[in-house]
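We begin with a single chain expressed as structure tokens, specifically the form predicted alone.
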């Protein structure tokens, strides 16, 4: 599937709210996936670290997301993203961070910024050859978090 169609599909997935998502948990917003197959497709924890490194580079290079990520907290944010994704993918991690609402309060995140973040994440996943089906499974878990972080 070419990049444009994948991007459109992923944006539709994320903006639709995806109805096949489990009930939110207090910290992450969603419960872990039933299988660790997706975690393996991401390369386990070392793979997640590499993906998040590239994701952060993408976020800082993208003028739509740079204001949120070009700061002294990059190392902490990457570490929290690794733990969060690892937990969501049933990788044996426990996300120690704050809940999504309180950790994003005051950032004035809107749909355009969120969609840009998804695009940047997709680029990082593609760079690391994460299968499209596994990307979709993770994004389906992440999509409802938009409602927790949006500030109109």
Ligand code: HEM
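Residue numbers count along the first chain shown, from 1. Computed from a prediction, not measured in an experiment: that's the story for all the values here.
One more form of this protein exists, namely the form predicted in complex with this ligand; it is left out here, but the text below deals with it.
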Partner proximity in the model of the complex: residue 38 to this ligand, non-hydrogen atom cutoff 4.5 Å: no
4.5 Å heavy atom contact, residue 142 to this ligand in the model of the complex: yes
4.5 Å heavy atom contact, residue 127 and this ligand in the model of the complex: no
Close approach of residue 65 to this ligand in the model of the complex, 4.5 Å, heavy atom: yes
Contact residue in the model of the complex, from 123, 49, 109, 57 (heavy atom within 4.5 Å of this ligand): 109
Residues within 4.5 Å of this ligand in the model of the complex, restricted to 94-116 and counted by heavy atom: 95, 97, 98, 100, 103, 104, 107, 109, 113, 114
